[in-house]
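Encoded as structure tokens, the following chain is the form predicted on its own, with no partner shown.
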Amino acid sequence: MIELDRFSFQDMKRIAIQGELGSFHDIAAHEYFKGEQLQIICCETFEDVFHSVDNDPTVIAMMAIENTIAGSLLHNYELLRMSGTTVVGEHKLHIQHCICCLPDDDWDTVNEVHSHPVALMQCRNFLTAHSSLKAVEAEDTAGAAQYIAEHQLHGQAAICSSAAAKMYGMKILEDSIEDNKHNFTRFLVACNPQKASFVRRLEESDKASLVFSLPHQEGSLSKILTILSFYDINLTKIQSLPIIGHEWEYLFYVDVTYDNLTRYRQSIDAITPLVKGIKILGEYKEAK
């Protein structure tokens, strides 16, 4: 195993993301670690992101978990729970999409537009207004622009960030084409638990992500919420997912915020006897 060295963390941080350079994950990583030297590790899937952390404990994962339009990325909750990593931070990124093409293409020559399905969904009104464009799903927003640029695919456009368009030498036909201008994605920063203290100061934390299941009894969730309220713990999100193989049983993914770390810890001690398999996914500073 690679030795966890404090000085190597300070010199350069290695960040694993899903997608290519110029993707929103890339932008989020550079905003969160602003001013720091980064090495971005591009992965095809979120599974590959966690494999990177598993193979090298000095790697930090940056992963989208929720979008104000598309909702929660449910699969990523499961990946996070099973990964053995701990959440050490979060970042909220304003998502703005542009449509871009090769420099010598234009509106009258473009007939296809490629992007990630979530990005296509977020630009539905724009695509409806440009019904002559055939929408084609891709694995990544920036990756779509990169592929078109590298293969010189005339007649094809990409929906991605303006940063990605400029990075790959594409011409921006129109910027800010997303339907909702209040489009934000929340990203989580996760790492090997042994590295957590090097990435965030626990005493400065004011938010935690938990997961637990509940006994199949009437009022079991209500009891948990009452206890959290008693300790002045604010519930900011609750997401339930079915437990495969256990009919009508669910895992509850919960985000809470707190002003007092001691009171928060007391609330966890208080609810632990009432839940099954509670796990603290991470304690970190809330993104304002």
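Counting begins at 1, following the sequence as shown. The model shown is predicted, which means the values in this text are computed figures rather than measured ones.
Just so it is clear, the following notes concern the form predicted together with a further copy of the same chain, a form of the same protein that is not shown.
Trainee: Looking at Q39, N260, N55, T68, which has any heavy atom no more than 4.5 Å from a further copy of the same chain in the predicted complex?
Mentor: Exactly one listed residue reaches within 4.5 Å, namely T68.
Trainee: Please identify the residue among E178, D105, D206, E139 with any heavy atom within 4.5 Å of a further copy of the same chain in the predicted complex.
Mentor: Flagged contact: E139.
Trainee: Since only the chain is shown here, I'm wondering whether H182 would be in contact with a further copy of the same chain in the predicted complex (any heavy atom pair within 4.5 Å).
Mentor: Looking in the predicted complex, residue contacts with a further copy of the same chain include H182, since a heavy atom lies within 4.5 Å.
Trainee: Give a yes or no for E31: in the predicted complex, does one of its heavy atoms lie within 4.5 Å of a heavy atom belonging to a further copy of the same chain?
Mentor: Because no heavy atom of E31 falls inside 4.5 Å of a further copy of the same chain in the predicted complex, the answer is no.
Trainee: I'd like to know whether A196 contacts a further copy of the same chain in the predicted complex, with contact meaning heavy atoms within 4.5 angstroms.
Mentor: So A196 does not count as contacting a further copy of the same chain.
Trainee: Is D48 one of the residues lying within 4.5 Å of a further copy of the same chain in the predicted complex, judged by heavy atom distances?
Mentor: The answer is no: D48 has no heavy atom within 4.5 Å of a further copy of the same chain.
Trainee: Going by heavy atoms within 4.5 Å, which of 141-149, 119-127, 94-102, 164-172 lines up against a further copy of the same chain in the predicted complex?
Mentor: The contacting stretch here is 119-127.
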